[in-house]
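There is one chain below, alone, in structure tokens, taken in the form predicted on its own.
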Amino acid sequence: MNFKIIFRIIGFLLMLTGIFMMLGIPFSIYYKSDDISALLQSGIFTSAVGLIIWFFTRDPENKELGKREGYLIVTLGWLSMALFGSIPFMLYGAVPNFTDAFFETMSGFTTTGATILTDIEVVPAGLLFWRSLTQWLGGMGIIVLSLAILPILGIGGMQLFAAEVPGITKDKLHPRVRETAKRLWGIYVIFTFTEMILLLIGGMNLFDAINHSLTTMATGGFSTKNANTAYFTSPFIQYVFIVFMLLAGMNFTIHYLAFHGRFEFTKINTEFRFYIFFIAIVTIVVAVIHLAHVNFNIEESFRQALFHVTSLVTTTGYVSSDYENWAPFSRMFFFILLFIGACAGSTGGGIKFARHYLLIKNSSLELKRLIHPRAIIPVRFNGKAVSADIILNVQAFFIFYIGITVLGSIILSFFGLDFITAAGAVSTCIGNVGPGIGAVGPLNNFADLPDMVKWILSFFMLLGRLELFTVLLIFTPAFWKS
């Protein structure tokens, strides 16, 4: 294990984190808030620690990164960023203790959006911006950002890219990973800026527009308002949120091809068609349910249904109303949506549409194989046959995902949580969604949960953001053997 290069890269990540932390200071100055000192001291301290680690690990003899180093760097890097990223909240006193500060920051970097803040609007502007920025950085991935701006990480960079962007396929837009990272971040920035402009046109003030653009494109869900996005009742603003949640939940390879005029890819991309079809059908069903139980007109029922379905499916977690009260069975209906996830290669979390499609398709084809045991009937995805190894990987992921969710729910019940709240908390955290059901539903938060539960849920957030295997591998004996 090449520990020198591992800590060198983690040191660089901390330097970046410290610099980004201080970007909230201009907002503190403009709004005359008293969090300048907390942000400045935290940023300098974090950057200094990173610089010291970087300095003492300079000129490593071996600059090659293997798979094990890649997994360890990504996992430890995210833990380190969440640890140091929580310092401004504690230093200012915006949260009561380290557990809550770490939970809030991990929720930010993993784009989960679960919060312990009971009064968001009293938090000063600089800290609110840092809170939103953690989601934006975590959305595309700070490791991917590092690959884009630091040449030294181009050496063996594919291992980092594969560890932070796991999934069925690793779409590369360029033979060099560094160029791929640049293109991904370029698209990400363009979409974020475009959404901000549209929100301003819709009447939102600049600070709110910036923050919500950051958290929408990250499919994070943090808001600057206690009522979340329900504060903004403008249909135009809600439709802007819907459009960009949909875009953020799509594979960014499709956006790259679209930017280059290659729209034909959307016609043959199986996951994209499944994604749009699923959201459309579920929205219609929910809109009908909404009309039958809530006194809204057709357009508003459709908008509310589309908003919440898109929000949960893309794992953004924005809330515009209390969907648990729409119908007697709405709680179970929206609970199921916590397990869907966005598209592979998006900023969303969850199981992902590609995996759901392969599981459904393989299961249906298995019936044909039973009837025709000698026939070779492959699963096709994007017009190509999918290898048996990928099918096995998807099945293993699904079993791990459901098994961990069930086990986590049982563990949380030992701490006094009722079944619905325990299952809702675990499902929303491992899926990186944000709002759950029960006591952690859309109009509640995670503030009243026991400290140990918050640590467990923080681990589930990281586990879900790195799609299980990156983190689970570290706990296997084989990982540490030569």
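Worth saying up front: this structure is predicted, and the values here are computed from it rather than measured. Numbering starts at 1 and runs along the sequence shown.
Keep in mind that the form predicted in complex with another copy of the chain is not shown, yet the notes after this line are about it.
- The partner is absent here, but in the predicted bound form a heavy atom of L392, alone among I284, V189, L392, L200, sits within 4.5 Å of another copy of the chain.
- Of the listed positions (F459, F469, F12, F20), a single one reaches within 4.5 angstroms of another copy of the chain by any non-hydrogen atom in the predicted bound form, namely F469.
- Candidate site formed by F329, S363 and L370: every one of these residues places a non-hydrogen atom within 4.5 angstroms of another copy of the chain in the predicted bound form.
- Contact annotation: another copy of the chain lies within 4.5 Å of heavy atoms from the stretch 355 to 363 in the predicted bound form, the single such stretch among 87 to 95, 355 to 363, 312 to 320, 206 to 214.
- Interface residue remark: I36 is not counted as part of the site for another copy of the chain in the predicted bound form, having no heavy atom within 4.5 Å.
- Contact check for W78: no non-hydrogen atom falls within 4.5 Å of another copy of the chain in the predicted bound form.
- Contact annotation for Y71: at least one heavy atom lies within 4.5 Å of another copy of the chain in the predicted bound form.
- When another copy of the chain is considered in the predicted bound form, F56 lies well away from it, no heavy atom lying within 4.5 Å.
- Looking at 408 to 443, the residues that come within 4.5 Å of another copy of the chain in the predicted bound form, counting any heavy atom, are S409, I410, S413, F414, F419, I420, A422, A423, I437.
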